[in-house]
Structure formats: C-alpha cells, structure tokens
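In structure tokens, the next block holds one chain alone, the form predicted on its own.
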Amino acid sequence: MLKFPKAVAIAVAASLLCGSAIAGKYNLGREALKEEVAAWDIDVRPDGQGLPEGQGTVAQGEEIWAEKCAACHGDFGEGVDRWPVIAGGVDTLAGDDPVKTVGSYWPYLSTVWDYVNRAMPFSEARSLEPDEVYALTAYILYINDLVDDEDYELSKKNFLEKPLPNEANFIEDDRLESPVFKVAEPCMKDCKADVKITGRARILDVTPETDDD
C-alpha cells in the first residue's frame, strides 16, 4: 500500500501554476483568477492542511447519514447491494476476501473528510456544508468503533487526534528515488559481443477446426 511522496505533490502544484504561463505565451485562454483557483483548491492533507473551520457530532452525523447516505451505504455502513461498505472488515486484509473500509484499510481521516466533501452524496456532490462533513466524518468514526460516544464532536482543532488503524501499513511511494525503478541509459551500439537465441515463440493455433461437411 503506497502513499505519494511530497515531491509528487509539489510537481503537480507546479504543473498547475505553469498553466497560466502557457496560456499567456501561446495566447490560449486567460490566466485563472485567484477566486477561480481557490474554488478548486479544496484538498485536505494528512496533516490537516486545507481543513476549514467547523465541527459536528456523531449524533448530528447520524441524522445526516440517514437522510443522505444510508440509501447506498446502509444504516451502519454495511453497504446496500453493490454500493461500497464503509464500516467493518477489521482483520480481513490478510484473508482471501479482504473488506476494505475506513476502519480496516484507509490510512488517513483526511481522506475521509476530503472525499465526502468533494464527491458525496453521489448525486449531490459539493452540496454539504463543512459542519455537515465534520458530522458525517464523526459518524463514520463511530460506526467503525473508533469513537464510542454519540456526543463526540469532531472539529478542525481535534481532527488529528484520531489516527486510523491501518496508517502504519502504508509505505511512501519512492519511485522517484528508488534504484529499482531507475531507468538506465539504453545501449545503442556494441552492446554485446554475441547474441544467442535461447528460445523461440510458439505458434498457438486457437482457431477451432470445423467440418467441411
């Protein structure tokens, strides 16, 4: 299980900034306004950066969940039909049928908040207020047995106090530095003294035979 390194995040941010310069150089479109950039800049990072002010309790989240989430995800995150399961699955990841939920698999609570905020409810994305997202995130903690009090209130201030159980099992994606993925310069001349054929491809005739009768 991988998590992206900071270098990748910096590269993505740099590419977005280059967009304005390219627009001016090639006379394509116009430079994005600060307000327009801010409207897209809604991601929340594992350290809490990007979280807005707000708060919500488990009890408040349960009411919102029943109205806007339970039809797909079930009253307690068990999933309806083929919609994703949100709760349960603890100790199943090493088995033949792992159940990947917030409580069993997800690495960061920030991912929960960010995804609910930008993509849920399924048919009404971006319709939730920050307090509603905090409340829903608190309820998701509750149905995953990560908090046990219906009066528990989640906020920007205490957000990092509830790490998810599987965080330690994610490793940093080091493909930019790892020698395993290092691309060597290809040899173009006098690369090998001799070439020996060690195997040949077989012709696999998989067309079924038919009778001419």
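Computed from a predicted model, the values in this text were never measured in an experiment. Residue numbers run from 1 along the displayed sequence.
The form predicted together with a small molecule is left out here; the points below concern that form.
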Contact with the small molecule in the predicted bound form for residue 76, defined as at least one heavy atom pair within 4.5 Å: yes or no?
no
Taking any heavy atom pair closer than or equal to 4.5 Å as contact, tell me whether residue 136 reaches the small molecule in the predicted bound form.
yes
Since only the chain is shown here, I'm wondering whether residue 141 would be in contact with the small molecule in the predicted bound form (any heavy atom pair within 4.5 Å).
no
Quick one: does residue 72 come within 4.5 Å of the small molecule in the predicted bound form, counting heavy atoms only?
yes
Within 4.5 Å of the small molecule in the predicted bound form, do we find a heavy atom from each of 108, 146 and 159?
no
